[in-house]
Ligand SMILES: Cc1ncc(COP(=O)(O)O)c(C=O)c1O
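What follows is one chain in structure tokens, specifically the form predicted alone.
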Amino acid sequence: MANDVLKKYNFDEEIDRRGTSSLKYDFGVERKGRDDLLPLWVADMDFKLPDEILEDLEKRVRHGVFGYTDPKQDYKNALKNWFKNRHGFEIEEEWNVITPGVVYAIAVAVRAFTEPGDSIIAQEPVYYPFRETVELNGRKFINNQLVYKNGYYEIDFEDFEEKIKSNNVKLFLLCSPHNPVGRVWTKEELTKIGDICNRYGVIVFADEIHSDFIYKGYKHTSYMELGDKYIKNLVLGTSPSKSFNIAGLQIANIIIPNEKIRYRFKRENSAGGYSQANIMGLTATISVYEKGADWMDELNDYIQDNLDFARDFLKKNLPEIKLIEPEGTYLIWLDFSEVTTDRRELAKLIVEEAKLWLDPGIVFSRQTDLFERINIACTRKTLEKALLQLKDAIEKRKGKI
């Protein structure tokens, strides 16, 4: 185990999520045409929140009245303290704009800072809503493809600058830590990005929703830490939804230090008809940020152990599948190019033979169609079952050759 100290929380507890309208578990027929798949796809976790947080939610429910609500000082304090104590940077209360989610906020930023036909840049392979929000809003998606070399991803800074310059890019969508490749960008990399964006007046939307999941030996540097020169063009996407698995409560905190940029964002947010936040989302945010630090620490240990287990299993049983060593997030990125060179065959292997529901690499980039993304924020039993199903499917396939 990553930490042998006596644990307070039980992440091995099996929670039956079927029959709860769970996107992850209850929509196999609608989305995949079958209901016999073990799902490790969408980025939500199979862990129950601790009692101390559930008690706060239950207390709010028992009050019985669910009218319009806005954040009071306790919300602002919880937010400020979490980022200061957990990530080492300070925010001013007026910088925060609440939205129902970070993806929603990206769409707001797309409309607030660009016009139809304008160019917006991101770095594929990347979380697929990045491209969707750009193209569905009538903007041009510019790809600064990450460079994959020797099992590691790097930024092509020369290509990044050239494409910003030649396409008159107005907005950069930064994924940090990066989903799905698992990179935790260094301060040097972020500074280099920031210098280029400042040079051409590009606003940076930094999606840092996975920043609470960092593996041992690595450190997340928030774009907020780069200093005044860089945060003047920053829109920082944050949310407790990934860290504490409360995506269904629809709450995000978008930090915008620059008053003029914040005004444009808030105006577009209002134009979309959004005002008061989800009452349970507000309650949950205060609770998790005030009481969830110990749970978060133990959760990270458990996910670290899951990563170690998956790495060892693949090395021993499926050496042809290459793990791209993650530095952050609870998602692992696997290269199947030594298993097959046909993405349709790969899809058949995963779905029909291994009976797994994963996220295929093609949705993150056209150049990663032989990759799969796996969510390891599940019990060890579930992870082991999934890997055994994959092993059995590949062994059966080899037996037929």
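From 1 onward, residues are counted along the sequence shown. Note that this is a predicted model, so its numbers are computed, not measured.
Beyond the structure shown, there is the form predicted in complex with the named molecule, which is absent from this document and is the topic of what follows.
Among 300 to 308, 273 to 281, 95 to 103, 140 to 148, mark the stretch whose residues have heavy atoms within 4.5 Å of the named molecule in the predicted bound form.
-> Comparing against the named molecule in the predicted bound form, the contact stretch is 95 to 103.
Contact flag, I362 vs the named molecule in the predicted bound form, heavy atom cut 4.5 Å | Looking in the predicted bound form, residue contacts with the named molecule do not include I362, since no heavy atom lies within 4.5 Å.
K242 within 4.5 Å of the named molecule in the predicted bound form, heavy atoms | The answer is yes: K242 has a heavy atom within 4.5 Å of the named molecule.
Hey, in the predicted bound form, does Y127 get a heavy atom within 4.5 angstroms of the named molecule?
-> Y127 belongs to the contact set for the named molecule.
Does the 4.5 Å heavy atom contact test between A109 and the named molecule in the predicted bound form come out positive?
-> No, A109 is distant from the partner.
Non-hydrogen atoms within 4.5 angstroms of the named molecule in the predicted bound form: do A43, C175 and D207 all have one?
-> Yes, all three are in contact.
Which listed residue (Q123, S211, N179, T133) meets the criterion of a heavy atom within 4.5 Å of the named molecule in the predicted bound form?
-> Flagged contact: N179.
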